[in-house]
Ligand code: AMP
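The chain below stands alone and is given as structure tokens, in the form predicted alone.
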């Protein structure tokens, strides 16, 4: 990775110790989003590999994926598709259940948001264990999307999420890694 990009990202991501529970360091990108230079660099880096390709839609996972995904979709002249927690979308939806460390959750998207065969890039802020991203990829594939890539600002490689997504045949792009928790 470009050292200047790494420096910009490291200095703009807030690290909160022992959140949401003891022993975990939460990587907060709200400070990155509030820093015009860091936000712009992140969006530019997420867009770069897809510039010139015909990406039909960018799908963003609730909630920070909406912010990043909307900006990426704008830059790619693509549509944007929100992937939300169950019960938040007003029209006919498709949904998928997925496991969390404390139980099961469900996410959904509008059934008519993507047509079969459309090229889609999935965006979120961080990939850790990969459960949410894996479910989002499966949901997109379930309705016939061609998931071109899954992109994240942060990767926590020790938690193995990237491997889950790549195991589904989807390339993963991340901008920065944090070892450990």
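Just so you know, these numbers come straight off a predicted model, no measurement behind them. Residue numbers count along the first chain shown, from 1.
One more form of this protein exists, namely the form predicted in complex with adenosine monophosphate (AMP); it is left out here, but the text below deals with it.
Between 141 to 149, 108 to 116, 126 to 134, 48 to 56, the stretch whose residues reach within 4.5 angstroms of adenosine monophosphate (AMP) in the predicted complex through a non-hydrogen atom is 126 to 134. None of 153, 68, 156, 121 but one reaches within 4.5 angstroms of adenosine monophosphate (AMP) in the predicted complex through a heavy atom, and that residue is 156.
In the predicted complex, adenosine monophosphate (AMP) lies within 4.5 Å of some heavy atom of residue 64. Proximity of residue 41 to adenosine monophosphate (AMP) in the predicted complex: non-hydrogen atoms within 4.5 Å are absent; the residue sits far from the partner. Adenosine monophosphate (AMP) in the predicted complex is approached by residue 24, whose closest heavy atom lies within 4.5 angstroms of it. Residues of 30 to 54 placing a heavy atom within 4.5 Å of adenosine monophosphate (AMP) in the predicted complex: none.
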